[in-house]
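Only one chain is shown below, in structure tokens, and it's the form predicted alone.
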Amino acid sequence: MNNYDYIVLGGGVIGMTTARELAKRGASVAIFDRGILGMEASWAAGGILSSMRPWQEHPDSAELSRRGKALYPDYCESLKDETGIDPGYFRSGLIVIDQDHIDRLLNWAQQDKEIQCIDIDNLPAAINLPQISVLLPEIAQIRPPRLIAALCKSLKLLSVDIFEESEVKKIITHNSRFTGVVFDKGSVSAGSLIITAGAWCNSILKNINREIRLKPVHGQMLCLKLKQRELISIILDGGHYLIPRLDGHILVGSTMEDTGFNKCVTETAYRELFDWAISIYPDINKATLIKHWSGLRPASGDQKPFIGSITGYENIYINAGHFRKGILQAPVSAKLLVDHLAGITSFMSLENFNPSRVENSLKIA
């Protein structure tokens, strides 16, 4: 039976960045996914490297987001140098048009000296924006499929053992210590376990009689293609957004639906997204639909992730619950957890994300 320093259960971007951080520090790592690495919520993401509404984000989560935003340029350059795959980092800027939040955005920007706000007055005439619209020019985006490809190749180069299409059947423990896993193709042992299964974390935790307050939130998106590229910056209107890619594709997102683990796409969601997009950018009516897909975001009740030790076990950890900020916060969350595992003082306390914390509600904003 193979023996590793760490087993990572869950092969999305959170799991892959965690495994990569461990391996780069010299640990032997195996990563498991019941499907293909990165093909659930990570692949379905838009790739905006910002919170949807940073001015009302929980302070602890906001610090992760801020550091994630600062880390990404070098992180992507490192991945590109290492693997030859460009994750598609692009500083496109983000235009906020949600009139209910403009005042709060401006107040937030005044308090944070790193934030720039620019009034919009020179956009193409074909784009319909409210009179009061604000550009955040420093916001960037990334191409999730390219990021996933780069991370997968990085893991292979770092000799991380990848177990895809491998469903874990049992977590083996002895005297409150994790020792290994049994999966559908065999068994492996390890010194520690890290659970990074996103919305599916509780299906793993039930094996050790544990549960966290996490729920899946269904999000549907569209990918469209226009012949001529006019839109450059991301446009954000509440929970809806347009993300223009450099190759002329435009992502339209996204819905937030409490449907359990149902990932079906619907005509109702298509009409909601398409009609909103046309109201902002009428030329969308001439676009070709490339794809309509969905994913399940893992949401916690207090809008910040669970990072740290699982109560009652000496060597079982979790890194999950990042909701709409999984890609943004993944590399920095991995660093925070792995710093803790290495006994290194990190940029903030892991206690801020204690998995055993109690929330008053599970309200998804």
Ligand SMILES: Cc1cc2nc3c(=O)[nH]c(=O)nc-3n(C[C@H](O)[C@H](O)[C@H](O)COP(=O)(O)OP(=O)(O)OC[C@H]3O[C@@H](n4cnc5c(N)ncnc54)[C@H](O)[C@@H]3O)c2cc1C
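From a predicted model like this one, the values you see are computed outputs, not experimental measurements. So that there is no doubt, residue numbering starts at 1 and follows the sequence shown.
Omitted from view is the form predicted together with the named molecule, to which the following refers.
The named molecule is not drawn, but in the predicted bound form it has no heavy atom within 4.5 Å of Pro355. When contacts are judged by a 4.5 Å heavy atom cut-off, Leu296 counts as touching the named molecule in the predicted bound form.
Using a 4.5 angstroms limit between non-hydrogen atoms, Glu57 is distant from the named molecule in the predicted bound form.
In the predicted bound form, the named molecule lies within 4.5 Å of some heavy atom of Gly47. Note that among 277-285, 87-95, 161-169, 100-108, the stretch whose heavy atoms approach the named molecule to within 4.5 Å in the predicted bound form is 161-169.
For the candidate set Leu328, Val29, Leu336, Ile318, a heavy atom within 4.5 Å of the named molecule in the predicted bound form is found for exactly one residue, namely Leu328.
Heavy atoms closer than or equal to 4.5 Å to the named molecule in the predicted bound form belong, across 28-44, to the residues Phe32, Asp33, Arg34, Gly35, Glu40, Ala41, Ser42, Ala44, ordered by sequence position.
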